[in-house]
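One chain comes next, on its own, written as structure tokens: the form predicted alone.
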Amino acid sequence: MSGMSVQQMDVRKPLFRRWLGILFEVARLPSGMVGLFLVGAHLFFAIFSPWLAPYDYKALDSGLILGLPTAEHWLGTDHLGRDVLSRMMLGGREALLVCAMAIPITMIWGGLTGVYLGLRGGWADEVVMRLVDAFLALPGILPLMVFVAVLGNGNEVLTPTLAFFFGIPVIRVARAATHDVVARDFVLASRARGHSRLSIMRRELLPNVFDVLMVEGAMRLSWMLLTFSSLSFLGFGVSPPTPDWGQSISEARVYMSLAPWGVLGPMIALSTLIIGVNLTADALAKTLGIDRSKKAVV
């Protein structure tokens, strides 16, 4: 890739090869290297922690309640005598699983809707964007809590709920990116040739806004992970005894003056994952030449 930017790569290359090249470019940046390392480490523990965790996350020991860190329990034990390290290692599995399923749905429905509105314009665009504005005026987590309280907190509910609500702001981003492309000559030529809107979206618009959507998806992932943990902290996410960082922080905060490691462990784990995703997203934006400070068109 010497002397050639990612944007100049042959668009005819298979998608996998193109994104593999982008991944290497991201890894060459210091922020990208750190971000990919942190994300990779969390993925590793999410996959292999059931075999790596030193203790069963459900195992209770009344003789070790709020135990100090020792050679046997490196991060001590919680208020039920469970090993904090084991629960911390397993605490990101549910969040990563749900968000990994939800983020593609988020980007597909939000991205396609935004691109279509940016191309179509007119009254439908105005109506939908005013609805988007109304939604964005609400406190972010409030409608999520209402849905989860009514429908339940299983993964089969959390995944589509997160995907739906996080897809709404993506509409605005996709629409703004489409406005930057829709007035170009190749789109005008497609319209003049009588191509349908779906054909113009597929052949002209989506390839030109794909990079913007990928960066937006990486940023939405960090917010989604944080929101998932916030729901668990508030009692609307993962149900006990399944380990989750947000739930662990909520349970341990009452005993923080006696056993701070119960809060610090999952807090550090969640923070490093969010930092890793954000650093990777920033490096991806730099690699693709995406200006994330650009404001969306209203």
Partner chain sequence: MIEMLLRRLVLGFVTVWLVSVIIFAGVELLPGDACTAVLERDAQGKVLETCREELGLNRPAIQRYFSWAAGAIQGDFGVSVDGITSISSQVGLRVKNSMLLAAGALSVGVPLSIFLGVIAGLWRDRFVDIVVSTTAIFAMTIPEFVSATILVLIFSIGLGWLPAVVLTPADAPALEFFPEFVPASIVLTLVMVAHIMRMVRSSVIEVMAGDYVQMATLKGVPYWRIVFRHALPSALLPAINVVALTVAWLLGGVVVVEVVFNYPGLGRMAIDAISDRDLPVIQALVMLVAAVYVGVNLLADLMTMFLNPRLRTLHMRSK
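Numbering follows the first chain given and starts at 1. This structure is a prediction, so every number in the text was calculated from the model and none was measured.
Keep in mind the form predicted together with the partner chain is missing from the figure; the text below concerns it.
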{"query": "The single option of L226, L112, L96, A218 touching the partner chain in the predicted complex, heavy atom within 4.5 Å", "finding": "L226"}
{"query": "Candidate from A124, L198, L151, I108 lying within 4.5 Å of the partner chain in the predicted complex - any heavy atom", "finding": "L151"}
{"query": "Contact label in the predicted complex: S230 to the partner chain, heavy atom within 4.5 Å", "finding": "yes"}
{"query": "Proximity of P260 to the partner chain in the predicted complex, heavy atoms at 4.5 Å", "finding": "yes"}
{"query": "4.5 Å heavy atom contact, I47 to the partner chain in the predicted complex", "finding": "no"}
{"query": "F236: touches the partner chain in the predicted complex, heavy atom cutoff 4.5 angstroms", "finding": "yes"}
{"query": "Triple contact flag L136, P139 and G246 to the partner chain in the predicted complex, non-hydrogen atom at 4.5 angstroms", "finding": "yes"}
{"query": "Interface residues of 250-270 toward the partner chain, as seen in the predicted complex [heavy atoms, 4.5 Å]", "finding": "R253, M256, S257, P260, V263, L264, M267, L270"}
